[in-house]
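To begin, one chain is listed below as structure tokens, in the form predicted alone.
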């Protein structure tokens, strides 16, 4: 059985796939050529699984997204072809929740800015005074696996947690569910954990930012399309938003104007990039490969 891994895959996770006995082709020079007889395609976020790409893979049985979001996979096209689509939502839950918390702490205490300041030979001790998170209110938009776990971690640090999530939703003792406008108006820090959908794209815009507390902090480890770049740029430049910490962007790699601002902290989509998360992803996909092989696929 041939499995094509189109995007970067951590070495340890790749070994788990190879241990199944399947033929694993990692980052081929010609994706089209290798897909011609492949039974399974594994992607992360870089490769877009379109109807056109599927048309050159007549034997494909499974598309596996090594991660949570499926916005780069044409699920309707897969369904028409009878191709199973799987992802690994549980594998990176803790990694992303921890990373969101790291961004909350870093932005609140000006850690990234302080680092770069010292690299430039400065000692800006008074300018870079920050705020403690204990006693502050965290608003979580999207309270699924990641949002709920972030709430638990934030509560352990003494934060109050408000959540917005349309029913059905997790019944969490760590979250007080409120309407979106109340969350915007009451939260010192807002963290985004929703998928990219027509309803969520652009939900952080000039109008919704105007409802936020002056000096709020915005964290985005979800999808770049959720935040309107121009609106965020203006709000951060004016100080309406005190700081933003972003791991995702409308287009990646990102080189846009948000990088100009000292109070916008950026990381290159690494929230799920831990050895542990990648190993869990490898385990889940390896299980699927073994299942297919046992069925004679």
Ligand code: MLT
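Numbering follows the first chain given and starts at 1. None of the values given here were measured: they were computed from a predicted structure.
What comes next is about the form predicted together with the named molecule, which does not appear here.
Novice: Out of 60 to 68, 257 to 265, 228 to 236, 23 to 31, where are the residues with a heavy atom within 4.5 Å of the named molecule in the model of the complex?
Specialist: Within 4.5 Å of the partner lies stretch 60 to 68.
Novice: Look up in the model of the complex whether residue 245 has a non-hydrogen atom within 4.5 angstroms of the named molecule, and give yes or no.
Specialist: No, residue 245 sits far enough from the named molecule in the model of the complex that none of its heavy atoms falls within 4.5 Å.
Novice: State yes or no: in the model of the complex, is some non-hydrogen atom of residue 269 no more than 4.5 angstroms from a non-hydrogen atom of the named molecule?
Specialist: Yes, residue 269 lies within 4.5 Å of the named molecule in the model of the complex.
Novice: Quick one: does residue 44 come within 4.5 Å of the named molecule in the model of the complex, counting heavy atoms only?
Specialist: Yes - in the model of the complex, heavy atoms of residue 44 and the named molecule come within 4.5 Å of each other.
Novice: For residue 92, is any heavy atom within 4.5 Å of the named molecule in the model of the complex, or not?
Specialist: Judged by the heavy-atom cut-off of 4.5 Å, residue 92 is in contact with the named molecule in the model of the complex.
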